[in-house]
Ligand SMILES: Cc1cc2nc3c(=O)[nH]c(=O)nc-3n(C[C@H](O)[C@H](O)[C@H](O)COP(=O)(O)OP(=O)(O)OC[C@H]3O[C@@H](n4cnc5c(N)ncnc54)[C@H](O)[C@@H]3O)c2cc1C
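Next up is one chain by itself, shown in structure tokens, the form predicted alone.
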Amino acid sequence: MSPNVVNTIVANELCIGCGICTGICPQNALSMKFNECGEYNPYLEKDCLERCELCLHICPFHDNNENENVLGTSLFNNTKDIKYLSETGYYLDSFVGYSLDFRQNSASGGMATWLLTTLLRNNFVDYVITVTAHNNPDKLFQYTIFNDENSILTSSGSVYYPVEMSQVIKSILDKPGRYAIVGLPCFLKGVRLAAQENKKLNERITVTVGFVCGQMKSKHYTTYLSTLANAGGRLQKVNYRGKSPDKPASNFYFHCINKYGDEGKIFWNDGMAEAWVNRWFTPNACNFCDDVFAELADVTFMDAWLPEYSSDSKGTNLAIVRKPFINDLILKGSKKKQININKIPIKKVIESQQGVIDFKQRSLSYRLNLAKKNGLKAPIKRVEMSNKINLFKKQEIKVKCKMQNASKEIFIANYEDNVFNIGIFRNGMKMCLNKIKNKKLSMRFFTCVFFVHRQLKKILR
């Protein structure tokens, strides 16, 4: 059989589940389904064409495809006054602020919702494609196409649940029009690669809106949080980023309702952070992504994780703009008092995402090296694999990789008939957590010893 995404990408656990391959397949040979880890994968429903390999040409994690530097240069390099930094890719300008109308019902400042409604209202696009609640326990969220601005309000808020693009890609191919599409960095890379291969996609997708991404999560992450919040079982409604007026924006809450009407609520600092920071339920492909700021998006939004903004419980956005007309829209929106927004130095934007940059970009060379050492397939990236990294950082990465895999295995072993044994799961993860804590204590001890040693040397001089 010819190489395809199933025997080349999925077989090596490098699929991120974007579904673009399934949407663009000329034979309709693929379908998107959840695997046992709660991650979307394409499955072969029938034999594909000999030597087609179109699915591989548009896969964001296939070796032979252009990287973000090459794609970004072709998209933005000829833009007047465009600039470039390795952390962010190309950028025209950067802003901080929020929407006056949409802030309250959004995960942070509501700027993405404001822009999408503005694009429709001012006839820049005919359709907006974004993620909305599906209210199906087996598929809580999905990509949806809107053509009226009021409907976009149903898509406000961040989603940490698998979604895939196969059906909306097919819709774009079937129905002419100008589309704005929202996505994470890897999804938008797939969109850009697909647009290179398909003239209709290239002409019809006219605006791309990206979000900063540290990692994706499987559907089991949501099951874990709901069980932790004492409302497990078949879920009907989920909100991942609730705002509490008495807490900073960084301490948001997860809220859910199951089919029996039971409600659960848990704050970031009370359990969510542990699973997120330690990369539980994270797809393997996320280990090999180095695009933090959605470098191929026309505009990228993110939370303003800076001390001067994160204490505001209402939430604030940062934005990186790469297209002049979006820059103009933002400036006009500010003049019309639709948004409260100001320019901010790009260095401050980078500062706001230092933790994500450290893991996705600065530690990638070692993760590539670790994959090779363990006999695993890893894609070719913009950095070379290397073993040159801080000893304690090495140990932390190794332990988190083990936790990432263990979270999937232990969950599968303790989930049956929609019942999740969270006690056994947490006991199984405790050993890895203790290793992380011990490594951090050791690091603090040796740091103190090193500091005292330096001070003694100065005194003795």
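Each residue number is its position in the shown sequence, starting from 1. All figures in this text were calculated on a predicted structure; none of them were measured in a lab.
As for the form predicted together with the named molecule, it is not shown, yet the points below apply to it.
Screening Thr130, Thr208, Asn287, Ser226 for any heavy atom within 4.5 Å of the named molecule in the predicted bound form leaves a single hit, Thr130.
Note on contacts: among Val356, Val383, Ile82, Val277, the single residue with a heavy atom within 4.5 Å of the named molecule in the predicted bound form is Val356. Partner contacts here mean any heavy atom within 4.5 Å of the named molecule in the predicted bound form, and among 85-93, 214-222, 326-334, 374-382 they occur only in 214-222. Within 4.5 Å of the named molecule in the predicted bound form, a heavy atom is found for none of Phe76, Leu296 and Val299. In the predicted bound form, the named molecule stays beyond 4.5 Å of every heavy atom belonging to Ala194.
Under a 4.5 angstroms non-hydrogen atom cutoff, the named molecule in the predicted bound form lacks Leu119 among its neighbouring residues. Remark: Ala112 counts among the residues lining the named molecule in the predicted bound form, judged by a heavy atom distance of 4.5 Å or less. Put simply, Arg241 is close to the named molecule in the predicted bound form: some heavy atom of it is within 4.5 Å.
Within 4.5 angstroms of the named molecule in the predicted bound form, the stretch 174-195 places a non-hydrogen atom from each of Val182, Gly183, Leu184, taken in sequence order.
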